[in-house]
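Shown below, as structure tokens, is a lone chain in the form predicted alone; questions about how it binds or moves come after it.
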């Protein structure tokens, strides 16, 4: 057994020696390769260094020539800079002399050109918004060119340009006082364009086929989307159809400054549009007002008929049950034999039975007259809330928008008052009719009781 163990140990030792020798051989091979690689890299680096050294030596040889060239260039540029500076100073002196010479030669013309520049600038501003430009377009191009020349230090306007400036000033003045007709392209509200005759009333208004026109920044004519009242349009048609004499016409006095009055007038909402501004509260107030008027008219008609029947009963000695007085008198006829106190109670009871039918609807009219202003106030408050919410979101930069919101909010108050005032008046009239009938009933009842007391 010992011999077998010894054999195994020897075999293992032999295997270990063999493997160690193999590893050693591999390591030796890898070290040899590494050594060769180091030698090769050294050779490559030394070759590259040699190339760099050779390049540096060549450049060093050229440095002196490059330095000399740079110094020569600097010297030449300094000399050129000195010459240019000297030339600049000489030219500056010459320019000053030329300017003095120009000022001397211009003399009073310099002041004239200043006035011309001011006149041309004013004319340019007027032409830009003048309705005369619809008939005579493209005048601004000449004015712009003339202004550019007069503002230039090297150019002067010609005699022809000065004369044309005077002509344009005179033409603008004269055309502003004329009523003329000319053909132009008009843009319809639906976007279509049509060639038609246009009447220009000075510098105030443009009309065509009874429609008022406006001019945009491109000197294009377009019909106003909202037109003035039909009476003004009819006058515009009459003016276009006339050939001589005088014609009535609605002129916008702010026409030369942009026509703000006409725009404000036609953009103002009419009665129906203002009624719609009241929104749901306005509709409720209107419905309540219509109901109150119908009720008041109905009660007025009924009481008028009752009053007529009561008057007829006063002239008759026979009670007729088709009217309140007849029914009260019938009660007196039925209770002729009773004592005075009982008759008085019967008569009062008969009058009380007639009172509800006679006074029907009066309390409702009174309630409507009181509630309508409160509904208007409710609509105004809710409208102001909406307006202030809009101001919170968008700011108060546009006073027109804020004023428009407040105006719409106040519409409901106006509607409430418009309902309350007629309702109060109708209530007063209806109540007076009812009181008259009741007064007759009470008067006749008291007379019958007093007559019965005298007989007793």
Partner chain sequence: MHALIDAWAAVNAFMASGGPVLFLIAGLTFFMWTLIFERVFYFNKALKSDVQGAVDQWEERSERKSWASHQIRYAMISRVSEKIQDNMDMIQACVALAPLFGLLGTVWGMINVFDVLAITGGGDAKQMASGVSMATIPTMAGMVAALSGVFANTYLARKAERETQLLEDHLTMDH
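Values in this document were obtained by computation on a predicted structure and should not be read as measured data. Positions refer to the first chain, counted from 1.
The discussion below concerns the form predicted together with its partner chain, not included here.
Its partner chain in the predicted complex comes within 4.5 Å of no heavy atom belonging to residue 85. Proximity of residue 340 to its partner chain in the predicted complex: non-hydrogen atoms within 4.5 Å are present.
Contact annotation for residue 387: none of its heavy atoms lies within 4.5 Å of its partner chain in the predicted complex.
Residue contact with its partner chain in the predicted complex: residue 391 places no heavy atom within 4.5 Å of it.
With the partner removed from view, the residue among 268, 318, 101, 195 that has a non-hydrogen atom within 4.5 Å of its partner chain in the predicted complex turns out to be 268. Note that among 343 to 351, 158 to 166, 302 to 310, 73 to 81, the stretch whose heavy atoms approach its partner chain to within 4.5 Å in the predicted complex is 343 to 351.
With contact defined as any non-hydrogen atom lying within 4.5 angstroms of its partner chain in the predicted complex, the contacting residues in 428 to 452 are 428, 429, 435, 436, 439, 440, 443, 444, 446, 447, 448, 450, 451, given in sequence order.
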